[in-house]
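There is one chain below, alone, in structure tokens, taken in the form predicted on its own.
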């Protein structure tokens, strides 16, 4: 959500939907900040839906004796009892000009009825969906630009490899690099310098080495990464993501332009260079065997095996071995 003014949120209902807590929390914060920028004494009330009792919503939205502007945030609206929900819907049809109401729903079927009714009323909806893996570099770019900096596509991807998929951590890292760059563009070298060896040995780098058919390098990087606290589930997730992208690449229609091919495969355009190189050593049979090996390792690191490190080593060897399967 772009940074709004008080006039953009007062007298309106903002519906925040989706499972990504970082983005949802950011939207809530932008509404509060907008109102308090215009009125530093604005009253802010935050409540979970399950805490709303009979008549509670009317009380929350009634005029305050101590402030002119107000913000009311209702989180987990799917847990609200029927009577407060009815009050919320009545309020949404005729909101108070001096109050900004934010309703947060994490997605899913529970409470979907109230979300649909709010949409029908015409409230402002801000979606907080979790970005797909291939969208994360774009997220990094937007975060850096919002801080007044610039970052290349490959540098943004290197930052994702270094930090992982956590949006909060990516946003903080992008802000740090922007602040310290002194107005200079953030490059791959800058990312690697700031994050040391992390960008070289994170889960996606290990996966790329294995899928590329280099067992010695991938095992070396795997052991380094595991020794430095990379979670096993992040490793299996990176392998699964890399193999799915490769499978989509080899089965994509021929003759597509790079931008169209990237959309078809679900990766950023720069990733096509890696996929082209990787695809030369793979058959459909080998890909199927590798995907099965990763699924088995994923189950093992989540509790089916006693030793997660050995499960990951077996996965790496299975994937590099499958590359030659015909």
Partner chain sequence: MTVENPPVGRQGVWADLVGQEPIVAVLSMAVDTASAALAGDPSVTGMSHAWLFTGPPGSGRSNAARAYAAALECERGGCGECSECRTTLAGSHPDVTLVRTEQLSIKVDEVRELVRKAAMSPTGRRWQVLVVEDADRLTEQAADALLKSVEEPAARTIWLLCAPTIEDVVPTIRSRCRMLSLRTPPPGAVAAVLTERDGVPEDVATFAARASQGHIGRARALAADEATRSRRRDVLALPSRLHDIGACVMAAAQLIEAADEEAAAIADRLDPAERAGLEQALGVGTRGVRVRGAAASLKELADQHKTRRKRFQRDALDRSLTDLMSFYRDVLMLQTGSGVVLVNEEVRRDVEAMAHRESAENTLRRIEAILECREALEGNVAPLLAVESLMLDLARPE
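Rigid core here is just the name for the largest C-alpha set that superposes within 1.5 Å across the two forms. The shown structure was predicted, so the numbers you read here are calculated from the model rather than taken from an experiment. Numbering follows the first chain given and starts at 1.
FYI, the form predicted in complex with its partner chain isn't displayed, but the following is about it.
Although its partner chain is omitted here, in the model of the complex all of 240, 292 and 302 have a heavy atom within 4.5 Å of it. For the options 264, 51, 258, 59, the one in contact with its partner chain in the model of the complex, meaning a heavy atom within 4.5 Å, is 264. Among the residues 228, 251, 176, 145, the one placing a heavy atom within 4.5 Å of its partner chain in the model of the complex is 251. This chain is displayed without its partner chain, yet in the model of the complex the stretch 283-291 from 24-32, 37-45, 269-277, 283-291 comes within 4.5 Å of it by heavy atoms. Shown alone here, residue 123 lies farther than 4.5 Å from its partner chain in the model of the complex, counting heavy atoms only. Its partner chain is not shown here, but in the model of the complex it comes within 4.5 Å of a heavy atom of residue 244. Annotation for residue 10: C-alpha shift under 2 angstroms between the shown form and the other one, rigid core superposed.
The rigid-core alignment places the CA of residue 58 less than 2 Å apart between the shown form and the other one. For residue 262, the Cα coordinates differ by 2 angstroms or more between the shown form and the other one after the core has been superposed. Relative to this form, in the model of the complex the C-alpha atoms of residue 241 and residue 26 approach one another by 3 angstroms or more.
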